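Heads up, the chain below is alone and in the form predicted on its own; it's given as structure tokens.
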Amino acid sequence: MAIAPRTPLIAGNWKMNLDHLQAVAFVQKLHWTLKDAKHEDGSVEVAVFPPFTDLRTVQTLLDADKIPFALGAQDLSAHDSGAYTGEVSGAFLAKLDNRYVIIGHSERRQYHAESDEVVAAKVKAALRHGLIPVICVGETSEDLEKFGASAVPVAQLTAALAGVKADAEIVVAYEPVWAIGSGQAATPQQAQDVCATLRGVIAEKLGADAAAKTRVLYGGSVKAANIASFMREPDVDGALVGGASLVVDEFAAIIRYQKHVGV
């Protein structure tokens, strides 16, 4: 069966920034900027991941103004309902027309002690509710020195895919934790090598067709100045953007990377 080309995905993770009013202003300005540049033609999928408190407001704006951005949440509970104070169910996110949910982000692993088992449970919860999990994997500088390149991301992804069906739609995001916030991105070749290895894990666990269609993103100090070099690599299908996604002109330039790669 022929596999359709993978549509690049540029995703902005706003983390704990922007209240619902600021989020509305940001989305409107980003939309106007891209529309003026005639860059909402579907050649690149744009997704925004605001804080939980912004989701309903942003969803209403996207729907009312027919803004072609996908909506995503930054986390979800492994549980569907019950006495779990402060948790947010995948069922609730699905009702707000979220398409994506980030799972296993390095900050969740580090600050909230999320284990590979918790991440795997959250992946299953997302899929139960028709959400596409953006499964984050990556290594610290200590991991890199101790285990070598790709070892920790491979182990994390292998655990996250346990019990996932071959036809499930997922996204994988490689985060070199050693690069995040440092201003020191991985080289395009380093990103390519790890992303290709992760695609191999998908092939092993879910099959060749799944590996061919699954988008693997790079996320680590992504900027307008370096996005084109990453997107030239065959196994890099987009970017999970942190701080740069909070600046409209910078994020718009990242989304418009194609003008720099001649695509």
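Note that residue numbering follows the sequence shown and begins at 1. Fair warning: this is a prediction, and the values are worked out from it, not measured in the lab.
Only in words, not in the display: the form predicted in complex with a small molecule, which the text now covers.
- None of the heavy atoms of V216 is located within 4.5 Å of the small molecule in the predicted complex.
- Using a 4.5 angstroms threshold between heavy atoms, E114 stays clear of the small molecule in the predicted complex.
- The small molecule is not drawn, but in the predicted complex it has no heavy atom within 4.5 Å of S229.
- The closest non-hydrogen atom of E169 lies beyond 4.5 Å of the small molecule in the predicted complex.
- Contact check for L76, D80 and G130: none of the three has a heavy atom within 4.5 Å of the small molecule in the predicted complex.
- With the small molecule left out of view, the stretch that reaches within 4.5 Å of it through heavy atoms in the predicted complex is, among 104-112, 148-156, 81-89, 120-128, 104-112.
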